[in-house]
Ligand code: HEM
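Below sits a lone chain in structure tokens, taken as the form predicted on its own.
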Amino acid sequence: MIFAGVFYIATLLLVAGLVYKIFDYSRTPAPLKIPTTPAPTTQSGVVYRMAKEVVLFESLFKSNKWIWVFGWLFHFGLFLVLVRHLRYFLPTIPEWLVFIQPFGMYASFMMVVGLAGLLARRFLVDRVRYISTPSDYLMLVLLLGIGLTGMMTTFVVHTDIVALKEFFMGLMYFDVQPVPTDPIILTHLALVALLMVIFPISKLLHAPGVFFSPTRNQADNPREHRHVAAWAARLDQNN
């Protein structure tokens, strides 16, 4: 019951926090045309550029190759791990999800290696260490803890995944079931719940925030179209 309550509260805070932040981002005025050049001049070009940024981390690749390696390993590994975890929330597992299971299992190594590299960067690079705050270190340590405990449940101490799925399916249908009681999986679940709670108030909000960045989501067309912020347009209409 304790873990059920924790996950209900964590889910509520995560969803409400993300909705509020995304709504706040959407209302933030962008009074100037400030796309990072060279920038696309059409909206389709903006979509293509944003896709490259989200999937390939294009700007990071151009600025620092070895940080790009660790960052991409972490994010792509995390993506595969999250997709693999869908099996705990679906009554029946589709064929494509069965196919991706071994890839998601070993992607945890990619995730942990990437996180370790990013954490080492915080310590070893002087200029990065100078601007790092305690929350920067703690966030990486939290993600490392989630990754390592998850790997331990797969490769060291095998947990009862059937009971774990029944627990999460029960949460979805408000029919609470017992959660596996081995310490590793309980630690893993507690760390995941903690991440869900602090996600909306952390720097991890760059995930949705990148789509609202005017340096990325604007077309470089100030000669073709006059840029007027939404609040300025409403002011003109009222006057």
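Residues carry their position along the shown sequence, with the first being 1. Here the structure is a predicted model, which is why all the values come from computation and not from measurement.
Below, we refer to the form predicted together with the named molecule, which is not included among the displayed structures.
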- Query: Taking 54, 82 and 199 as a possible spot, do all three reach the named molecule in the predicted complex with a heavy atom inside 4.5 Å?
  - Reply: yes
- Message: Please tell me which of 105, 125, 163, 169 lies within 4.5 Å of the named molecule in the predicted complex, judged by heavy atoms.
- Response: 105
- Note on the structure: Answer key, the named molecule contact in the predicted complex at 4.5 Å (heavy atoms) among 176, 186, 34, 207: the residue is 207
- Query: Can residue 211 be called a contact residue for the named molecule in the predicted complex at 4.5 Å between heavy atoms?
  - Reply: yes
- Query: Is there a non-hydrogen atom of residue 75 within 4.5 angstroms of a non-hydrogen atom of the named molecule in the predicted complex?
  - Reply: yes
- Item | Non-hydrogen atom contact residue 89 with the named molecule in the predicted complex at 4.5 angstroms | yes
- Answer with yes or no whether residue 60 is in contact with the named molecule in the predicted complex, where contact means some heavy atom within 4.5 Å. yes
- Task: Output the sequence-ordered list of residues from 1 to 34 with at least one heavy atom within 4.5 Å of the named molecule in the predicted complex.
- Result: 7
